[in-house]
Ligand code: COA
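Next up is one chain by itself, shown in structure tokens, the form predicted on its own.
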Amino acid sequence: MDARPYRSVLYIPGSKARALEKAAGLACDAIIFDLEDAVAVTEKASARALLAETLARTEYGPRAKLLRINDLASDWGRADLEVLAETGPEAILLPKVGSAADVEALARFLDARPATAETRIWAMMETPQGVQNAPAIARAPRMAGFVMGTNDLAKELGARFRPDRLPLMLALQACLMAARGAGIVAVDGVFNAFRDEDGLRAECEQGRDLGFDGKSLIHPAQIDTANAVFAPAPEELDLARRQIAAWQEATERGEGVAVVDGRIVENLHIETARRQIARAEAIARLKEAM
């Protein structure tokens, strides 16, 4: 799985020049340059040209860069690919993915162009068919990550929005399970009420506790909360270091388990502890590079 952090993954409309420029200075871990839902039909062509020009002249530093094109079955998706492929994109985020065949078709397009030799594919998981086929999609060629499209998914299901997201829980966990089985990144869906910081924090904490790598965001004001929630807390890192130290001492004594704060520590806990420390170190490197 990609070692870089994806705590905060911010959507930026491809039609908004000022927002595209501002994004280069934001503290988000990743940017989704959006040509799909965030762009009106009348602006599709101009947004495509603006985004291609902006990517050619703007340095976004260490932030991961995902380009969300329009559905390949739409009037704009193929043109998006033809134009943006020349920029050598880091990743293409494909909307409305229903099966591995959708990803395979995009992979064949990328395989045929030298500029996209290193380009990865991410999938928007936002349809019932996509959720049902999540394991195969996760293992498709060039796949690197899932982004949950919870708004579209709720619409397709006829589900109501609830703070606990119970109507979406099966889909969230199914996609997360598939992503983890394939060793790719999984990013939670958006929280629509961008002025509701308490609600955002609660949903970020839920996504973190489920196991997601981060949160997709619709407004820069949400970045700090997502970054804080999806980063290991100081007390977690302290516990991780103490667990590792106790485990090492126990193994030197020929013992199979250690005890920290009255709890048994086994090898599986050490793997988790090491991941926490590695994640904190990756976040620190990213901050330093910004």
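Worth saying up front: this structure is predicted, and the values here are computed from it rather than measured. Each residue number is its position in the shown sequence, starting from 1.
Beyond what is shown, the protein has a form predicted together with coenzyme A (COA); the following relates to that form.
Student: Whether Arg162 contacts coenzyme A (COA) in the predicted complex should be assessed with a 4.5 Å heavy atom distance threshold; does it?
Tutor: The answer is no: Arg162 has no heavy atom within 4.5 Å of coenzyme A (COA).
Student: In the predicted complex, does Ala154 have a heavy atom within 4.5 Å of coenzyme A (COA)?
Tutor: No - in the predicted complex, heavy atoms of Ala154 and coenzyme A (COA) never come within 4.5 Å of each other.
Student: Indicate whether coenzyme A (COA) has at least one heavy atom within 4.5 Å of a heavy atom of Leu26 in the predicted complex.
Tutor: Flag for Leu26 set to yes.
Student: Just to confirm, Gly98 within 4.5 Å of coenzyme A (COA) in the predicted complex by heavy atoms?
Tutor: Gly98: no, not in contact with coenzyme A (COA) in the predicted complex.
Student: With the distance limit set at 4.5 angstroms and only heavy atoms considered, check whether Arg68, Arg195 and Pro220 all reach coenzyme A (COA) in the predicted complex.
Tutor: The answer is yes; Arg68, Arg195 and Pro220 each reach coenzyme A (COA).
Student: Looking at 139-147, 103-111, 69-77, 212-220, which one sits within 4.5 Å of coenzyme A (COA) in the predicted complex if you count heavy atoms only?
Tutor: Every other range fails; the passing one is 212-220.
Student: Within 11-27, which residues have a heavy atom closer than or equal to 4.5 Å from coenzyme A (COA) in the predicted complex?
Tutor: Tyr11, Ile12, Pro13, Lys16, Arg18, Ala19, Lys22, Leu26, in sequence order.
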